[in-house]
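Just the one chain here, the form predicted alone, laid out as structure tokens.
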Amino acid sequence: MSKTAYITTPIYYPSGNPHLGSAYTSTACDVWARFKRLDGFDTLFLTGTDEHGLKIQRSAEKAGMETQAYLDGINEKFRELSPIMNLSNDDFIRTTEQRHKDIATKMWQTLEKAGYIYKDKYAGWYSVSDETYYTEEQLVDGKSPDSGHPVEWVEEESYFFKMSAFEQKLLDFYEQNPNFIQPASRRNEVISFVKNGLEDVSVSRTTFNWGIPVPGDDKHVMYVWVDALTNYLSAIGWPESDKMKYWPAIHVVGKDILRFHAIIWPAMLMAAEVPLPKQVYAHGWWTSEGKKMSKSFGNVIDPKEVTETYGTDQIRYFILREISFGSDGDFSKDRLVERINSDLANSLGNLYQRVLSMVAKNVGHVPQHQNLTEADEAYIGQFNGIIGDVRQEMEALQFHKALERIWQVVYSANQYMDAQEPWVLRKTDPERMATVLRVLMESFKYITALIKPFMPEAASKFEAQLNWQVTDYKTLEDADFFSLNVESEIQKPSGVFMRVENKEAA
């Protein structure tokens, strides 16, 4: 039986173009999924769009279009995020698809049959933009406390989910599963919120009709909780499908929607007697040049534009290396250029270029090694357990720490090469030069394999230059350090990472 892994982005609300935030979440999930595949796991990576609700309906009306036609056009922009960021998602789910409507309906019926859905009346201040009700006390200057958007008074008949019944069950679950909500600071926030008491939540609407009809009462449409959150099960054909082997999932979300995923969703799953997710990981937000991203500031980062300017792998590396996953970060073009030039062009790209150029010019194939010195053994020893170290950080979604561990050996490779001076040995001791170059080339297998989830395009180029390809991490862990084919021809390499001039970041 194969090992399985399942990771999801939140389903994005297609009310505008994809931005850095959605690219960040998706890239993190993609890197994790690529790592798991190379680590021998049958992996499913899901993303998609949340396409129901009053805001969508009004946007379509404003555009003078039928709602579905409006959505079909804007949905393409979110699908384009996959080629823009080089994502390897296995599926893209839309909540307007029939497969999702069927499963959401099934979820509703399951909750209703279990006695956790009832009909009552609802009255409150509602923000269309936030799709959230607020009490009088929660409003700030008569507006949404979350976004500052206007609210309107709404009174309507509604179905409710008995979330209050799960207060203690959730607290018990959090205690028994301390890693369920990450990072730890977010976990504490959620526990504090639940301890303050949970109220039943409204799960239907009658004020608009763009949604999935409530079974047996089509005057109502399902609200976002039962509709959108169920997408993670819709994609795997819950309750009976071969794809259920992937459940439970890891959900990666922005911190603004953590409560939905860490409180409402687990309560619904408990009510439906579905195993809870493995983890909900809430990442932070990005600012741009020290300011909140805003059209009025003109500092919104467009993933398409920034990848075309600096390169997809470069952006993928920067956003996952620059900050701790879970913390807020600032997208500075000066810092981006510094990372590209220092980490990628100099430390990594130039290292491969120097070594492989020497091999191509002086040997023409993978060199033979002999008589290892203490310096060789010390350098080789740094690769003992490196895949396990990186695996540990990846399991915790600590992408920046995984990259830090990889760059430890990148820096060591540069130090080893500078100390051994193979360009001098070429004249004084060609056999020793060959050994030094061979040791470096063998170490490149590990570096190339470990950067592949982060920078797949660059890693593939490095693989071609080495005339070697990573198949899976276990094989590399079990292989002898000196496993490259000595007869393998090595051609003069071309540069993979180019330096970027600071003027481009102005």
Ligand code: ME8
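From a predicted model like this one, the values you see are computed outputs, not experimental measurements. Position 1 is the first residue in the sequence shown; the rest follow in order.
Form predicted in complex with this ligand: not shown, discussed below.
You can rule out all but one of 137-145, 270-278, 427-435, 249-257: in the predicted bound form, only 249-257 has residues with a heavy atom within 4.5 Å of this ligand. This ligand in the predicted bound form is approached by I11, whose closest heavy atom lies within 4.5 angstroms of it.
In the predicted bound form, none of the heavy atoms of Y411 sits within 4.5 Å of a heavy atom of this ligand.
In the predicted bound form, this ligand sits within 4.5 Å of a heavy atom of G21. G284 belongs to the set of residues with a heavy atom inside 4.5 Å of this ligand in the predicted bound form. In terms of contact with this ligand in the predicted bound form, the residue from D50, D39, E442, E463 that brings a heavy atom within 4.5 Å is D50. Checking A235, V366, L229, M222 against this ligand in the predicted bound form, a heavy atom within 4.5 Å turns up for just one residue: L229.
Along 133-152, not one residue places a heavy atom within 4.5 Å of this ligand in the predicted bound form.
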